[in-house]
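Shown next as structure tokens: one chain only, the form predicted alone.
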């Protein structure tokens, strides 16, 4: 039963993270998403110090930071400088909290889970939460499909047509905060970026259409979770690292067979 829960959680978290990462790349908020990811890690680390559930503390800080960033950044200059500063700030908070939590033996197991993930880190409650979050995100994408497709096609044109790009960006950041916090137990805080963007990068190399890229991203993320889980189980390795290695291997294979590798991010 634990084995089934773990592999289902790995797959669901991979799909949720990669799909939010795909839309973050299309919305051109990659740097913001890095901040949100580090806020989740900082929140989870603070939870260790407070002896609270790292998933919930990470989710609170990630979602709060995502919404605040979405509200504040459009109103100020030097957006990239502030974003990178917050990136460093959250990293520093996470490291301080990890240092403090590591001084107690009780926190050691939970600390390792937050840092690099664990096969046994997910229970039925967290699996249900992952399922609900993924269903909610899919429902959101379906309801606002026209608006989201317009933003992806041309952000400025979408704004000119009266689409509330600002609110959709906030919603995406909030979903991303929830997704990252829920996935921390599987991937670990320092490798969450692997699922955010490696499957997306692979999909951009092999697919030409937006729909094809999204499906490819989800497929690559699922394969990374399944094979990464298997590698972790067989060789007794951290599951987050195993998933990352498989995802990176898929990326290298995609780059090798694609003729678009040199122009993906131009």
Partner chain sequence: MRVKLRNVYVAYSGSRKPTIKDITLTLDRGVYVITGPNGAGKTTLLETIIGLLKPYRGEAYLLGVNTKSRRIFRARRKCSYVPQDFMKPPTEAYTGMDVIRLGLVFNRGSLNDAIELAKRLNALDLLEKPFGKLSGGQQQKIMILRALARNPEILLLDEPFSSLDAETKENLCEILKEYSDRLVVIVCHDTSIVKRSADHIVRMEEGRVVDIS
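Numbering follows the first chain given and starts at 1. Just so we're clear, the structure is a prediction, and the values are computed from it rather than from any experiment.
What follows is about the form predicted in complex with its partner chain, which we do not show.
Of the candidate stretches 192-200, 124-132, 161-169, 87-95, only 161-169 contains residues with a heavy atom within 4.5 Å of its partner chain in the predicted complex. Its partner chain in the predicted complex is approached by residue 147, whose closest heavy atom lies within 4.5 angstroms of it. At the 4.5 Å threshold, heavy atoms of residue 209 reach its partner chain in the predicted complex. Proximity of residue 80 to its partner chain in the predicted complex: non-hydrogen atoms within 4.5 Å are absent; the residue sits far from the partner. Not displayed here, its partner chain is approached by residue 153 to within 4.5 Å at the level of heavy atoms in the predicted complex.
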